[in-house]
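One chain comes next, on its own, written as structure tokens: the form predicted alone.
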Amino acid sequence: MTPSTTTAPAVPASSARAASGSQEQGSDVGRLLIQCADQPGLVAAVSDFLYRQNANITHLDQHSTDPQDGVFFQRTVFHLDGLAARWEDLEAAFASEVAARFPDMRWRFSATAKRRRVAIMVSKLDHCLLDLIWRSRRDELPIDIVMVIGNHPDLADTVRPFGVPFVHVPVTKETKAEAEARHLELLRGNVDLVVLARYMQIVSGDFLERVGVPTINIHHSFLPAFIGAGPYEKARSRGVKLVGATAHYVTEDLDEGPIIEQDVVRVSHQDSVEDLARRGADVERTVLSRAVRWHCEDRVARHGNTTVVFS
């Protein structure tokens, strides 16, 4: 089977993902994600299984890191009548009939109709936060924002009119452990994803291990350039011609986690620091929303410190 990751050159990748995502809706539509050592017969095994279940494959993406001794990734979207009542039987059948033949296979089924529960952590900047709320309310993102946690109270009045709970948890060097304990109390078992929307605090490895769900961060540049305070002042002082943003999974290595999405805009010597910050904020919004959407649509497969992002 020919993989469907190729799109017409005239269609930007983000537009292609938006178009295909709009077709992956409905209670009878599911996704199957697999990852294992590449070997002959994987695509055939998955396709034959879904055929025998009377499922219709509507979209399929696949990628191998190397034709010999590589790692294989596949994302399959399918339609199956009565799917909502068949999840347990489907998973049990796949485990015994397919996964058992490929012992190292990691796999999971996912319901396209299920919206992800998301918590957003913020400090004082609101542009990424408000963009996510707006896109969620317009159903441009398959998420329900269940809470916003801020280490400052500044955005409480901004958030509450949207009916989203805002929780203020102050963080200082002396109280960091207590603050993260409170974060875990709020988050564990209640969310599927944590988003750091310009949250100006470093989260610990212990928090990442115990929270139990992925965490996505937005960074104001192509990493690792201009890390720290005053990034746009630093950028202007170096005469940059591009400003950009990077969305990545958070790991213990701070801003070195697997990258999900990046983008840039051109700037010039005529742009002030304020111009750079404004244009940079626009890029941060779009890059973060794409990363959140692609994660929640099961388009991102992690492989070591990199990612495979399917269209």
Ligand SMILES: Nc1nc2c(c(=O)[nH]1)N[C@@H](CN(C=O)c1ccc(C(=O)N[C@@H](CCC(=O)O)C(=O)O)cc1)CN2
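Residue indices: 1-based, along the sequence shown. As the structure is a prediction and not an experimental result, all values here were calculated from the model.
Here the subject shifts to the form predicted together with the named molecule, a form of this protein not shown in this document.
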query: F78 within 4.5 Å of the named molecule in the model of the complex, heavy atoms; finding: no
query: Partner contact for A95 in the model of the complex: the named molecule, 4.5 angstroms, heavy atom; finding: no
query: Exercise: A245 in contact with the named molecule in the model of the complex, heavy atom 4.5 Å; finding: no
query: is_contact(V118, the named molecule) in the model of the complex, heavy atom dist at most 4.5 Å; finding: no
query: Full three-residue contact with the named molecule in the model of the complex, heavy atom 4.5 Å, for Q262, V267 and V283; finding: no
query: Of R86, R182, H168, K176, the one that lies within 4.5 Å of the named molecule in the model of the complex (heavy atoms); finding: K176
query: Among the candidates S110, S237, Q201, N190, the residue which, in the model of the complex, approaches the named molecule to within 4.5 Å (heavy atoms); finding: Q201
query: Option from 156 to 164, 211 to 219, 136 to 144, 86 to 94 whose residues, in the model of the complex, bring a heavy atom within 4.5 Å of the named molecule; finding: 211 to 219
